Ligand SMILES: Cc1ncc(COP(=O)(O)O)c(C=O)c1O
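First comes one chain, alone, set out as structure tokens in the form predicted alone.
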Amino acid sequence: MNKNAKIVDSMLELIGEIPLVRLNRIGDAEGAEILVKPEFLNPSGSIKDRIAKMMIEEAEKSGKLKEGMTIVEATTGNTGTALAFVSAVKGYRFVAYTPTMVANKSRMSIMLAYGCETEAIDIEAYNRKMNVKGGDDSSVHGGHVELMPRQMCFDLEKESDDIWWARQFSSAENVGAHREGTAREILEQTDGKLDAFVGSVGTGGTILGAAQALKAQNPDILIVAVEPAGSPMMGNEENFPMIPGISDGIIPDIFESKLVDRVISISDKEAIEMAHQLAEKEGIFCGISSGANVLASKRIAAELGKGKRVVTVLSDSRDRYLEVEKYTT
């Protein structure tokens, strides 16, 4: 988002450079300052624009993605929308494979508006096979519900030379976009003065990329991962399903790196309530994972106390939760 530019060559140039916003009515006067990065200001409405652009452009440079090829990805919505947006600018056909439990009309309509094709995948058969039981909390972890759609993308790419699978869950560019973009901006905007960074974990790219850059600047910066209480994976490595080529990637790298200092679980109800408060008290029209990030930030801010600073990201816009409100990563 270059506010000084009068003319840009494409919408891709409007990705990133998102300012930080201070919370004034939600933060506690006795707690640390909370700064949020409204990533829904990216062109397609989420932080995933950063990774979509980098993944596609790096694939083009390496020769893995060429004119006339089709891009495929398993997605709970935001990455699919971002890839659809970048594909539209660059002229690629894009097909998104989305689990039925998150494929609501709002999310699918936004993706379709960019001209992509969508396939809703019923993962109930997978859940029965893995003996996964639903609970009262309807929050959703992308790392779990995308496994079956990922297998479909894996098979499609294997069967055809004209298919490129973006592989967001294991892409080096997913991490690099946040290390070189999101975290760099945070360090510049705060002059390196922050005490904690908080971020929800889906594929893990945001938290790992940010952690790598922030810890390199100051090893004492607290890195806090946030995940859905109804679908935990980060809190216990045993909860993470290791499937070669399907789930091995960024989250295992997070475990190995030891860069994440704390994991906080937020319930669906808590995340939704905080997202409502952000709109009503701060005028911030953000999604449910953003509510989870801010609630976790409030808890960390209370621990750190006055004079400290907590930074978090608001991953997407509320427009994709108008039909169904659910904490989805």
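We number the residues from 1 along the sequence you see. These numbers were taken from a predicted model, which means no experiment stands behind them.
Here the subject shifts to the form predicted together with the ligand, a form of this protein not shown in this document.
A residue is said to contact a partner when one of its heavy atoms sits within 4.5 Å of a partner heavy atom; residue 202 meets this definition for the ligand in the model of the complex. When the ligand is considered in the model of the complex, residue 289 lines it closely, a heavy atom lying within 4.5 Å. The ligand in the model of the complex is approached by residue 206, whose closest heavy atom lies within 4.5 angstroms of it. Within 4.5 Å of any heavy atom of the ligand in the model of the complex lies no heavy atom of residue 81.
Taken together, the three residues 50, 173 and 182 all stay farther than 4.5 Å from the ligand in the model of the complex, as judged by their closest heavy atom. The partner is not shown here, but in the model of the complex the stretch 287-326 reaches within 4.5 angstroms of the ligand through a heavy atom at 289, 315, 316, 321.
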